[in-house]
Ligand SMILES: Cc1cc2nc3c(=O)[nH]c(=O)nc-3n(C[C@H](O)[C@H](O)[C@H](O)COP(=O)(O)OP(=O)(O)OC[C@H]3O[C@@H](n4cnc5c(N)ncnc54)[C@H](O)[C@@H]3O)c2cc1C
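What follows is one chain in C-alpha cells, specifically the form predicted on its own.
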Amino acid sequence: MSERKPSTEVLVVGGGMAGLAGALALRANGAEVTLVERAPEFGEVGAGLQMAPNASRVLKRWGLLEKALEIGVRPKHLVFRDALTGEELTRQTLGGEFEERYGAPYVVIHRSDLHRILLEACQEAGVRLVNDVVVEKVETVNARALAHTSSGDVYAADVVIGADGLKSTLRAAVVQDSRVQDRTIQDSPVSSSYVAYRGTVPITAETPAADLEDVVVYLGPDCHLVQYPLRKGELLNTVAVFKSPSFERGEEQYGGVDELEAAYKDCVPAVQLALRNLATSIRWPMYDRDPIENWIDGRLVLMGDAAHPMLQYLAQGACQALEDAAVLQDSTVGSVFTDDGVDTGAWDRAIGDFNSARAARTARVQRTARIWGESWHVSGVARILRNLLFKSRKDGDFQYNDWLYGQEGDGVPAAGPLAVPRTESLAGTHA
C-alpha cells in the first residue's frame, strides 16, 4: 500500500468532466471521495463546448451555473445553413420561451473553463485528488472494491466509479460480465470515418460581424462546419468535420491539409474563409461505441464516455456526463448515505438504480447522434429532402427538442409540459 490514503468510501477513476462531476455529486451527499487521474496534472484539451439546458440545469443545481455564465456565452440563436448555397434552413431562438420551458439557459463555454469550474468545486468540497495513478483493474471482494494500479498500489472503496473515457480500461470487465449472458456483444471503439479540426481565434475588428451572437452550423455533403463565440465574445470557435479517406484507411493523423481543403471546395465563401481559423497540426478522429445495457461489475460502475461514448452531433457528450452525475446523486441520497453514516448494503441497489435510470436514455442519445450525423452529410436528392424538412420547422417548434432537453430521463427538474415525438431531435450541434 502507498501512503495515498488508499481506503475511501468512493474511488473515482478519471479526472475528466464525468469523473469530476461524479466526484462532486457524491461528495455533496456526504461521501468520502478520492479521485485518481493517470495524467501528472489535471486539465482538458479541445476548444468549445455546448451546454444545453439538460446540462446547465445540473450546474444550476450545484450552484455553478453563474460561474459558467461569467466566462461563457449565452448565444441568441441556433442556426442551420446549407454549406453549398448559404441558405438558412432553420433556427431556434435560445432565450425567452426556450429558456423558460427547459428551466436553464443554453451556454457555450471553453472546455478548459468548464473543467476548471468542476475541478475547483471538487477541491472546495474536499474531494481528495491524486495524479499519476493508472488503475488497471477492479475486483470486488466481500462487498468492497479493490482497484489495482500499475504501480502496485491497491485502493479499497465501497464503490469504484469508472470514468476513464472512450478507451476505458475498466469497461472490459463490465462487458465481459455481460458476455456471460449475451455472447454476441462486440465492444471496441467504432470509427465514424469522420475527423474534426478545431480552432479558436481572437475576435477582432476585422472578424466578420455576422453570426457572432449565434451558434451557426453549415451542412454540406460529407462535411459540416460550426462556429460560435467563446469567453464573453473574445474568441471565435470553429469546428470543421469531414469524411476522411485516410481515416477510413486507419490513419488517425494525416500529414497535410489537402483532404480538408478538398472536403470544402464547393462550399460558400463564408465556410472556406472560416477554415483559416483552424489549428491543423492535430485532428480529432471521431469514434463512439455501441450502447451496452449493463454498466456494473460487482462494485464497479461506469459513467460518462466509459459507459456511453457518443458522436458529437447532438453536442451531448459532456451534457450526458453531467446528467449521469445528477442521477447518481439522486440514487444515493437518503439511501446509501444516512444519518447513521454509510449503508454499504445499499450500494448495490443504488448503482443498480443508477444503471437502470441511465442506460436506455444514453443509448437513445448515442443512436440518435449517429442518425443525426448521417442526415447532416447527405448529398443529391437526400440533401434536397433534408433541406425541405428543416425549412418546414418553424422557430419555437419544440417537438424535436423536448425529449433531449426536457426532464424525460435526466432526473433534473425542468419547466413546462413535455411531449416526446417519434421523430428524433432537430437540435444540437457538434461541439
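All values derive from a computational prediction rather than experimental measurement. In this text, residue numbers run from 1 along the sequence as written.
The discussion below concerns the form predicted together with the ligand, not included here.
Contact with the ligand in the predicted complex, defined as any heavy atom within 4.5 Å, is confined among 138-146, 313-321, 252-260, 204-212 to 313-321. The shortest heavy atom separation between residue 134 and the ligand in the predicted complex is within 4.5 Å. Within this chain, residue 50 lines the site of the ligand in the predicted complex, having a heavy atom no more than 4.5 Å away. Contact check for residue 117: every heavy atom lies farther than 4.5 Å from the ligand in the predicted complex.
Though the partner is left out of this view, residue 11 does not reach within 4.5 Å of the ligand in the predicted complex, counting heavy atoms only. Think of it this way: in the predicted complex, the ligand has a heavy atom of just one of 171, 198, 91, 299 within 4.5 Å, and the residue is 198. Residue-level contacts in the predicted complex: of 283, 358, 111, 289, one residue has a heavy atom within 4.5 Å of the ligand, and it is 111.
The partner is not shown here, but in the predicted complex the stretch 11-36 reaches within 4.5 angstroms of the ligand through a heavy atom at 13, 14, 15, 16, 17, 18, 19, 36.
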